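Just the one chain here, the form predicted alone, laid out as structure tokens.
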């Protein structure tokens, strides 16, 4: 077999696989809401108390990753707030022992895909755009499918929220290419 034919077959296979993943997004954990070792209410913290996401998820605007808050961050408030709660006492025990809480990851992408939080946050994309009404969640769940097709629909301008469109392309010069769609943008 010639190299050209092999390359063509590989290309057709990749396009076929990509199409299947786009049409049948089986990699989605949409709706996944595991029970955490310590219940944490975003409805209380982000909703009622209006604590900015960046206070707990330190560095989300400076790093490709949104960090899971360390026990130290929690203890900034809970050294004095609600200290009689059994859950806060459990948190305090972790803090005093120098052990992290082993939170269960909810929003997870395949190993071959990378999402850069910094790029989105610094462009003004709100956390709720992908994570849903997080400020209303007593128990966090994966709101959006987070599949390749779902991301590409936004990057191509098909499902891009109006506020994001105005941030990225205020004069609407590029209605069909809001953000990069090159494979290397997310697969590196």
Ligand code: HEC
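Residue numbers count along the first chain shown, from 1. Because the structure is a prediction, the values reported are computed rather than measured.
Not pictured, yet referred to below: the form predicted together with the ligand.
The closest non-hydrogen atom of residue 94 lies beyond 4.5 Å of the ligand in the predicted complex. Under a 4.5 angstroms non-hydrogen atom cutoff, the ligand in the predicted complex has residue 129 among its neighbouring residues. When contacts are judged by a 4.5 Å heavy atom cut-off, residue 110 counts as touching the ligand in the predicted complex. Contact check for residue 162: every heavy atom lies farther than 4.5 Å from the ligand in the predicted complex. Contacts of stretch 29-68 with the ligand in the predicted complex, defined by any heavy atom lying within 4.5 Å, are made by 36, 38, 39, 40, 42, 44, 45, 46, 49, 51, 52, 53, 55, 56, 57, 60, 65, 66, 67, 68, listed in sequence order.
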